[in-house]
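Next up: a single chain in structure tokens, the form predicted on its own.
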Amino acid sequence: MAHLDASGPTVAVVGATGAVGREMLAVLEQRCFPLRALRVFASPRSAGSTLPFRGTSLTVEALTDAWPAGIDCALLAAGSGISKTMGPKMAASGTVVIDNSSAFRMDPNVALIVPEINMHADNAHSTKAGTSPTRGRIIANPNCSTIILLMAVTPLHRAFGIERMVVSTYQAASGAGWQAMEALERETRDALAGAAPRATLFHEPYAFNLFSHNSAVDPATGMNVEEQKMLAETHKIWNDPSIRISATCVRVPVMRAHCESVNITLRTPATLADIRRTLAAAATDPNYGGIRILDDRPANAFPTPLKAGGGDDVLIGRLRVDPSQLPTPPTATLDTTPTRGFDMFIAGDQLRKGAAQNAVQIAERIFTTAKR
């Protein structure tokens, strides 16, 4: 394999033939991650197939119960069942496991990490476990919609405090993997050919339709699993269970990149200029970055899935004061009035920052920092 780094880690991508696994390979290549070696694993039916990487081909190995020695880091994109079974075995062998599934996110002994926001949580967990910074533990990747949300609002939380958020998500097919992306394409072709709407994967037809997120709904609360994740994961990542959050998660007929409408109530009043200035500073901060303001009112140019798709940044736009939180009706001075209520619309690539990119960034922080 070309472009190897003898001082880098040996990395494995597990679930490498899936949508997120393939994106992990693309991100490792595009970010020039320093690798001693790279191995790719998938189910036995994919064993022997090849995947492109840095101008050559990687042969897919079958994942078995016998985890091989000598792998420093494993990026898991194979589902929660495999993660629960194999993750502890991998960690016990000395591998740092960065898991993209929901298996360990709410485990109090596992750090749930967005590197720009709370990489220190991994340091606390590894120190508590008495492990080396580059040896043997599990780190959880948050849910895609949570990562995209928190990248946009954490700078505001740090500057002014956030008391409450109301979030509505518009989630793309990519969040449910290749099967969902293929279903959207198939159903769209059928609809354009004049066929009656027909559900081929989800509980509702997908083409030219949108519906409540396909995760299970709790009959007691009425919340689906995706909405529950957003609440619980935000509380854990920010280490603040007092934040009040109401979420409505919806699947939309978009191929990739999630969008979210966000209404926030700050603890400390601010003006719209304060909000813009805070976000702009975070966007250029070498310790944060990963966000970009796209908010052109005269041109009606704001974040969209097509603009966010394939990119590394979470796009932030439709920045405005929430008039419902002002004591008087809106006036010409709306943008200069200090207030606690603001609205925004954001978009981020679910396969990249919402999954693969976030995992690779965690690995970068662990292994490149240790190398220095």
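A residue's number is simply how far along the shown sequence it sits, counting from 1. Keep in mind that this is a model prediction, so the values were computed, not measured.
What comes next is about the form predicted together with a small molecule, which is not displayed.
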Residue (of 75, 249, 149, 78) lying close to the small molecule in the predicted complex, criterion heavy atoms within 4.5 Å: 78
Heavy atom within 4.5 Å of the small molecule in the predicted complex, from candidates 100, 169, 234, 95, belongs to 100
I'd like to check something about residue 178: if you look in the predicted complex, is any of its heavy atoms closer than or equal to 4.5 Å to a heavy atom of the small molecule? yes
So in the predicted complex, is the small molecule close enough to residue 46 to count as touching (4.5 Å, heavy atoms)? yes
Although the small molecule is absent from this view, report whether residue 82 comes within 4.5 Å of it in the predicted complex, heavy atoms only. yes
I'd like to check something about residue 17: if you look in the predicted complex, is any of its heavy atoms closer than or equal to 4.5 Å to a heavy atom of the small molecule? yes
Per-stretch contact check against the small molecule in the predicted complex, the hit in 65-73, 35-43, 309-317, 339-347 (non-hydrogen atom, 4.5 angstroms): 35-43
Looking in the predicted complex, is the small molecule within 4.5 Å of a heavy atom from each of 87, 89 and 363? no
